[in-house]
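Here we start with a single chain on its own, the form predicted alone, put down as structure tokens.
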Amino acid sequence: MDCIIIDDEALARAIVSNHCKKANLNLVAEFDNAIAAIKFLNQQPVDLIFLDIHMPDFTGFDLIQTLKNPPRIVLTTSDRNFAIEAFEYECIVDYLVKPVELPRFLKSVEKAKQVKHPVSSSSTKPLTEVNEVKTEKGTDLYVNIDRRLIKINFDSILIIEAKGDYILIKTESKNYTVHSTLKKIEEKLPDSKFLKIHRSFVINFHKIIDIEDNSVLIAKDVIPISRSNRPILMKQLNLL
């Protein structure tokens, strides 16, 4: 069974690493931060993750919610207070309290081995929220900014503008510059809220204040509408 360790504490990683050897697990890699681990997992899937909950900037729960098809996960933490929340996630098979002792670790590994089938992508959200997030493409997306994954709620997005090799995401509270293309992010957005109205702009058409000739007003921004996209926009609007 291939596994990785994600924990910002060197001693904690060393203990779990030693336990992995005694449990005959194939420890593929160790990470001291969630961002590096996510990049690794996007390239190389594993069977099991030993995951710390408390890490700077990006918690274990944040990491779980970014994974489309999470493997089996065993949480490792010094805090017992998250046990109930942890088991709301289908992908979490066990919860180990630090310092992790070998007998308890071995039981956890056996429990993980009994989970035969891959966990579906819906399990990256707590079970209590599944019905609420069964929208076309979820309710939010994560963008990579300065080695941090920032969650942006779809409803807060006003405009997305192409700027060369980057895009500018304008929200109600803050703007984000992301290394991406307009086409790539357009594929992530729900059609029920967003529409490309110009080769350089995607808008949240629920945020339109005014439409005049070949432009729309969203917040304080006047956005051009291309001639070919204007009829599509008109179909989306609830016209009287």
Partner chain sequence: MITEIPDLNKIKHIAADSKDFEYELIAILKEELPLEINQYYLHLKTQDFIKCAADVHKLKHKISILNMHMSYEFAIIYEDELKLGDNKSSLHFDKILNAMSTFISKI
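It should be emphasised that the depicted structure is a prediction, and the values quoted were computed from it without experimental measurement. Numbering follows the first chain given and starts at 1.
Same protein, other form: the form predicted together with the partner chain, not shown, and the subject of what follows.
A residue is said to contact a partner when one of its heavy atoms sits within 4.5 Å of a partner heavy atom; Val222 fails this definition for the partner chain in the predicted bound form, lying far away. At the 4.5 Å threshold, heavy atoms of Asn42 stay clear of the partner chain in the predicted bound form, well away from it.
In the predicted bound form, Asn175 approaches the partner chain with a heavy atom inside 4.5 Å.
Mapping the unseen interface onto this chain, Ala12 counts among the residues with a heavy atom inside 4.5 Å of the partner chain in the predicted bound form. From the list 161 to 169, 148 to 156, 67 to 75, 104 to 112, the contact stretch for the partner chain in the predicted bound form under a 4.5 Å heavy atom rule is 161 to 169. Annotation: Ala34/Ser180 CA-CA distance shorter in the predicted bound form than in the displayed model, change of at least 3 Å.
Compared with the form shown here, the Cα atoms of Glu161 and Gln65 move at least 3 Å closer together in the predicted bound form.
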